[in-house]
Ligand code: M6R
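A single chain, nothing else alongside it, follows as structure tokens in the form predicted alone.
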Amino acid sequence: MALQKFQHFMLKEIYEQPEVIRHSLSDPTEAFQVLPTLDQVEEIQILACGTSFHAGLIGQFLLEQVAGIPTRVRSASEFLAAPFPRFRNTLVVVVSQSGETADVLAAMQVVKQSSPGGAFNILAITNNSQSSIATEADYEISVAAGIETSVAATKTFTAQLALFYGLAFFYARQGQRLSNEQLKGWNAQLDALPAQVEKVLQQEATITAIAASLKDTKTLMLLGTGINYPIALEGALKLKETTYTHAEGYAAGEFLHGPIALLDQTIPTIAICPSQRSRSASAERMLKVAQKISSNGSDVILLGGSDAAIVLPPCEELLSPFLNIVPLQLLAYHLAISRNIDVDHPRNITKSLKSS
């Protein structure tokens, strides 16, 4: 997709996501056949930073709720100060878009040094199979998202999600938590995702108008629940990175336990309420929180749902992160453009953090 069709790389890369997802999900469990089998994996630990950390949180949800494997996630930089206690049968998944993130590399060294008898299994998920992280891991699976030029990660995030879904389904099938027929059903729904993301992209004009209404907003709250809580975190990060807005992501229920006191008429809230074929308990919780915020006089921008400002195609809640993140990426992009910010090169951050 030529840049000439787009003003900036970030927008180009957002629009490349349907094809990236289509490629990543073409055979969602095949790439994992080389990994240790389920009887060799007592737990999974995920190490990452930034956007990759948020992908890891969704990976944790999937691995625990779908595959039934105890999973822990930690920022690689914090891991240096407080490493996880390790079991012998631990699969450590390190996630880095560039494959050169210094904190992740350092965390990998700690894992290797603490591994009993050198018996560790490290899986690297990167967008660069020739990177330092990829070559130092026992196993490496590339997200194969193609070159991502914009500093703010977009298509590599959704590609990382695709691999976590594949990993969870791989182990769920081994553990007989999914039958062949169930896996076939999930694969059919995964196959439909690229077309659904394309429908979300068709709402760019609506999202541009919302961005224009937020041009002078200094603080935003984003709420998610269940598997979409990390999407609230990632949406807030995109807004911080590209628009320099003070944006915070919260779990919807937890937001009521204190942070709601921050709200006034100047602070809008984006509530992620995925459109699903049958309304889930988590969607009901989100709507109740949104109603409470509105009743206190604060604006709520509802993402998903039939009455939402941004209506999304219905899909199973388990797969909804793919659809929910795209409007937030577009919102961050258009809000940055409205503020004349160099969206591909925001201040103070670089694409990959290497050791000096």
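Note that residue numbering begins at 1 and tracks the sequence as displayed. Note that this is a predicted model, so its numbers are computed, not measured.
Here the subject shifts to the form predicted together with this ligand, a form of this protein not shown in this document.
Across the options 165-173, 151-159, 183-191, 259-267, residues that bring heavy atoms within 4.5 Å of this ligand in the predicted bound form belong to 151-159.
The candidate spot formed by Ser96, Thr101 and Leu237 lies fully in contact with this ligand in the predicted bound form, as each residue has a heavy atom within 4.5 Å of it. In the predicted bound form, no heavy atom of Val66 sits within 4.5 Å of this ligand.
At the 4.5 Å threshold, heavy atoms of Glu241 reach this ligand in the predicted bound form. For Thr51, a non-hydrogen atom is located within 4.5 Å of this ligand in the predicted bound form, even though that partner is not displayed.
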